[in-house]
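Below, in structure tokens: the form predicted alone, a single chain.
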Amino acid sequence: MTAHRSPATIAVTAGRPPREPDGPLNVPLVASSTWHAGGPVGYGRYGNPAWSALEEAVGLLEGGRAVAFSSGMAAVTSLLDQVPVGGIVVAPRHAYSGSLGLLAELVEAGRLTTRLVDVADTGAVESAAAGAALVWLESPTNPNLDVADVRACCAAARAAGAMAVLDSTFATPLLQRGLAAGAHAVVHSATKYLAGHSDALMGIVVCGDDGPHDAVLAHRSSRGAIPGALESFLTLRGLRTLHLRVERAQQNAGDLAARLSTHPAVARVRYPGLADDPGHRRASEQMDGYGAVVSIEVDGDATAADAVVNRCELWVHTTSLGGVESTLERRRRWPAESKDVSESLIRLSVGIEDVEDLWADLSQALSGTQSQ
């Protein structure tokens, strides 16, 4: 019998082929859309060894059954499409703009209705859950880093007969396990931390019960939002170092957040690891770490924030996150971003570089704002 193993060990060992003499240590990359008849797959849209291995590994990390998708938004869509026509979805007022944008499109089309709440306000989530078909949680949120009481919110959803879904992209399975907290399903943009090297576009849904899993799997098979074999291979390869990357990036993030909180050019810092952050106590109680995303509001307007971003030389100006490299962007540069997000907010995805190099670059960029 296999002993209980830590998430760090599971990330390295899960999804491996059987140990056989001269057998490969990794599941081979199988580039084929067509399969000989008579087996369980039948066609390339229904299975591939690379994504099956990835699903096994992520499923074990989250404690459920995983289904991989071609992107994070494909994974999100597979869950929102489970809502019956006219159904009510409770969702965070501030969350990933892609998810909120899709919800807005579905509302505009008359497909469903939404109740937008402050996800950190447990009472508001509990009240909104009455009569809902789906309670969509994101914690910590993108980009404000609000922290939901995941267990209480999932319990409220279940009591109301609603499906509870948690977007846990920022936390990863190492820091937060939503199924154990009561969610029916957990969704990840695997493009981010799970793959971790900015070279693969992927999404994953992990379900705790057969019903949601089978529905999500059927959605992927019929809609065709399957992951590529190469992307699956790369994501699984990235997963092998997830614990090391998250550990180093989180350490860097905590260090930088503390320094940023005393910088005169910074009006506000959001990071759950700071003792005075609104989400600190809750994150400390329900998470195994605080993650590697820090959001700051520059003391100034959008122009000042853009100037900080443009003065950085080491930090990469891009919209993605979760890679080994440190990236940043002013989120309101995107028209789809919530108007409640500050114009001067810069989201920092802290990578695994030397923290002193990261600080030197960020500090000089912020100091330039003061001199203007």
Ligand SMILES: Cc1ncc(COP(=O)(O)O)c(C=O)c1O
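Values in this document were obtained by computation on a predicted structure and should not be read as measured data. Numbering starts at 1 and runs along the sequence shown.
We do not show the form predicted in complex with this ligand, though everything after this point is about it.
Only one of 183, 236, 202, 296 comes within 4.5 Å of this ligand in the model of the complex through a heavy atom, and that residue is 202. This chain appears without its partner; in the model of the complex, the one residue of 245, 270, 213, 192 with a heavy atom within 4.5 Å of this ligand is 192. Stretch-level contact analysis of 136 to 144, 248 to 256, 277 to 285, 150 to 158 against this ligand in the model of the complex, using heavy atoms and a 4.5 Å limit, identifies 136 to 144. Of the heavy atoms in residue 169, some are within 4.5 Å of this ligand in the model of the complex. Contact annotation for residue 73: at least one heavy atom lies within 4.5 Å of this ligand in the model of the complex.
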